[in-house]
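Coming up is one lone chain in structure tokens, specifically the form predicted alone.
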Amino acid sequence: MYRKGYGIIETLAPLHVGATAGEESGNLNPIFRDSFLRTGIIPGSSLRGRFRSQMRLQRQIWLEKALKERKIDTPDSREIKVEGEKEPLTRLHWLQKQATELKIEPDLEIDENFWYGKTAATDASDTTSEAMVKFEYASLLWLPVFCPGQPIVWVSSPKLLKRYQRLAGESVTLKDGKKLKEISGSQIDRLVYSGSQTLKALNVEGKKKLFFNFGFLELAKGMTDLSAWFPLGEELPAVVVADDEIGAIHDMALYRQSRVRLKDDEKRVDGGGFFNTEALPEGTIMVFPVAIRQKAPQHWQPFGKGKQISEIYLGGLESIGFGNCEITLKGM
């Protein structure tokens, strides 16, 4: 049995989480996409890996402090040679070895192997353990798109809204006292071509329209209250489009950049070191579910005690201006 919650990701910089090997083509480095809508996703394994590394760092800091209090000198190097060991130990393994010998045990709250599963030893695949915390993939909820005269409009579609409803429907209360989960699927489908209350649409020949790069989009359903569909509390200028249209708009909105790797000794491209990369733009809002096993003896607090919001880097390009996000956990 599991307790269920969910997380909200707001990108503070372009976000690139690489595609599978089969999707890489030539020098194009695309993002992962949903199989049906072709919109960006973050795999659950990527989320789990990032949360694991966050907690591993917390444990390392705790061990360093605990050993320092015992007057144990800790080397600065990342790999430490130990007598009797074939290979140098990583800094974290060395700290853990010292702590074990002194019978110092970190709290379960910062034990990444307990919460996210123990990884297998190289020669013993049966040493893994089941994770206490499960992640599914993060899907788009709202995608910011450049729109002349606005200048940004957040776009979603019924399928994306329905996934958010499935995850958060129990915990979000509407202004009339009903729960988000009580909105029927047909009501969500009728939101197509509706704008939010904060959207200032153009008036073209008596009709409310938005102008995107591909042409005019008419708000045939007018403006409506979409505040319940914004999990961070602010109703942004937004429009809901059809599921068969969101993919094309999504590709139009992606952040794209060409990059080169130069030779070490001269200002020339190093062989095949030229590639294009794409990313979800800054301001994207995504949602992902989290399940925690009921038998977990402690609360899962990945950002520290009592913290439900944290700024965190996702993806592998964080050193060159990608991946900075704010994650908000709800319903834990």
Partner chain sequence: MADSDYIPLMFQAQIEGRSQIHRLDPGVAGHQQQAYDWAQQWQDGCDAKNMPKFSPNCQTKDYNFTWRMVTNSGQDGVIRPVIGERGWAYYPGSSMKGAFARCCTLEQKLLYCGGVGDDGEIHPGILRFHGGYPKNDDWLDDSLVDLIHPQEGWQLNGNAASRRTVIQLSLYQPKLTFGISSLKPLSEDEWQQIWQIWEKALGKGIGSRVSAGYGQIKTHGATNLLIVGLQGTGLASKRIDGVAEFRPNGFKAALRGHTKRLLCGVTDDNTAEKFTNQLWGGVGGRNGAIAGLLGVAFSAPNLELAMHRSGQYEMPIYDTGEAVLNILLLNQKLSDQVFGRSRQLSETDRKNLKILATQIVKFSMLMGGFGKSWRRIDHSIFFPDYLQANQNPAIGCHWKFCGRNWDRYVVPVDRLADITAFLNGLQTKVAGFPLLQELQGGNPQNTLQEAWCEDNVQVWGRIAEDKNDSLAVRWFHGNYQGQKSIKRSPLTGSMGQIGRIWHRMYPRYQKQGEELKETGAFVELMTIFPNRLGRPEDIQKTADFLKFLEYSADFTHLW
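Computed from a prediction, not measured in an experiment: that's the story for all the values here. We call the rigid core whatever largest set of C-alpha positions still superposes within 1.5 Å between the two forms. Positions refer to the first chain, counted from 1.
Omitted here: the form predicted together with the partner chain. The next part is about that form.
Heavy atoms within 4.5 Å of the partner chain in the predicted bound form are found in one stretch of 92-100, 147-155, 107-115, 165-173, which is 147-155.
Site annotation in the predicted bound form: the residue of 252, 72, 188, 219 reaching within 4.5 Å of the partner chain with a heavy atom is 252. Checked against the partner chain in the predicted bound form, the residues 64, 278, 282, 34 give one hit for a heavy atom within 4.5 Å, which is 282. The partner chain is not shown here, but in the predicted bound form it comes within 4.5 Å of a heavy atom of residue 211. In the predicted bound form, no heavy atom of residue 309 sits within 4.5 Å of the partner chain.
Residue contact with the partner chain in the predicted bound form: residue 257 places a heavy atom within 4.5 Å of it. Residue 299 falls outside the set of residues with a heavy atom inside 4.5 Å of the partner chain in the predicted bound form. Residues 311, 313, 318, 319, 320, 321, 324 are the members of 302-332 with a non-hydrogen atom no more than 4.5 angstroms from the partner chain in the predicted bound form. After superposition on the rigid core, the Cα atom of residue 241 is displaced by less than 2 Å between this form and the one not shown. A displacement of less than 2 angstroms separates the C-alpha positions of residue 69 between this form and the one not shown, with the rigid core held in common. Annotation: Cα of residue 271 displaced by at least 2 Å between this form and the one not shown, core superposition.
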